[in-house]
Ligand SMILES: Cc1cc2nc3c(=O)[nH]c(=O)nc-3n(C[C@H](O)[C@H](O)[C@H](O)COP(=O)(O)OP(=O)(O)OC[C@H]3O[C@@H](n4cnc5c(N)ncnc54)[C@H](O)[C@@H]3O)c2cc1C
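Next up: just one chain, as C-alpha cells, the form predicted alone.
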C-alpha cells in the first residue's frame, strides 16, 4: 500500500469493488481494504441469481424492481459468459396463498419492467410434469414460465475485482483495520500493513457496516437488520430448470439446478450476534427440507445434503415484518471538515452497477 489515496474503500464485496472500479474510471487513485478475502461475505453466499425480485412487486417496490431489471440487462449484455438468462417455472397449487389474478398481473408487470424481451407464459401441466418428473402432480392448478438471470456470484465478484485492478485499483486482502482517526483535514487509517490517508472514505462492508461504525465511532444515519439465509446443496440434480415455490407461510423459496447438484434456499432469520459469530441454525435446515418435500415425490433427508452454506444480508432496519422489509439500499454521506465519509447500507448482488454509478454521481461533480 502507498500512503495517500483519493478514495479508500473498506470491504471487497461486490459493491465495494464495483465502486472502486467506477472511481478508477474517473482517474481516482483507489485502495480497497479487506479483512478476509475478496467476496468472502454475502457476495459468495447468495442464491446466485441476477433478478429483479418478482416478490418485491407484492410490496409495491416498483422502483427497486425496475432498477434491478435494468441492471440485469446491463449484466446480460456485458458479461454474457457469466450471467445467463434462464427460464424459471412457477407452479401454482390449490392451496396457494396468492390468487391466480395476482400472479398473472405480477408476471405481466415484471415482464414490462424487464428489458430482455422474453415474455412470461402459461404452460400446460402435462408439459411441465413431463419435464419435472420429481414434482408432485396432486392439486397442481397452473404453471407459469418467466425468465430471470443466473450467475456464479463468486466468479462475478472476482471478475469485477480483476477489472478494477486493471484500472489501477489496489486491493489489500487480509488487512486488519486498527484505527480510524479523522480531523478537519485528513482521514488516517491505521492497519496491520501500515498507515494510509485519504479525504474520502467509503464503508462498503455490507452486513458489517454497523460494527465498523460502532468500533471506530463513525457518524451514521441508519442501522441494519442482519438477515441470515441458508442454502442446502443437494447431492444430485432434482429439476431441469429453476423453480420458484411458495412456502406454507406464504414466503418464497427456490429450487435451482446446478451441473451436478441442486441448491435450495433461502431462509430469513434476524440475527443479534456479531456477524462473524452467526452460524447455521438446525431449524432452518429442517424448514427448507420440509417445505421442499411438500412438492417432491421422493422425500429429501439430511443424508441428501452435500453442503450447507449461510450468508447474511444487510437490510435497513424498519418496523416492518422481516419478509416485507425493503431491499433498497441507501447512500449515507457525511462531511467532516475537508473529508467525506460514505456508508453503503444494503444492496443486492444484481444492483451493483447502478449503485456504483450513483456513488460516483454523488461524490464526483
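Numbering follows the first chain given and starts at 1. Note that this is a predicted model, so its numbers are computed, not measured.
Just so you know, the form predicted together with this ligand exists too; it's not on screen, but the next bit is about it.
Contact with this ligand in the model of the complex, defined as a heavy atom within 4.5 Å, holds for exactly one of 72, 266, 262, 161, namely 266. In terms of contact with this ligand in the model of the complex, the residue from 31, 42, 65, 315 that brings a heavy atom within 4.5 Å is 42. Mapping the unseen interface onto this chain, residue 36 counts among the residues with a heavy atom inside 4.5 Å of this ligand in the model of the complex. Remark: residue 289 does not count among the residues lining this ligand in the model of the complex, judged by a heavy atom distance of 4.5 Å or less. This ligand is not shown here, but in the model of the complex it comes within 4.5 Å of a heavy atom of residue 348. Residue contact check for residue 253: none of its heavy atoms lie within 4.5 Å of this ligand in the model of the complex. The candidate stretches are 194-202, 207-215, 124-132, 279-287, and the one lying within 4.5 Å of this ligand in the model of the complex by heavy atoms is 207-215. Shown without its partner, the chain has 41, 42, 43, 45, 46, 47, 48, 49, 51 in segment 41-61 as residues with a non-hydrogen atom within 4.5 angstroms of this ligand in the model of the complex.
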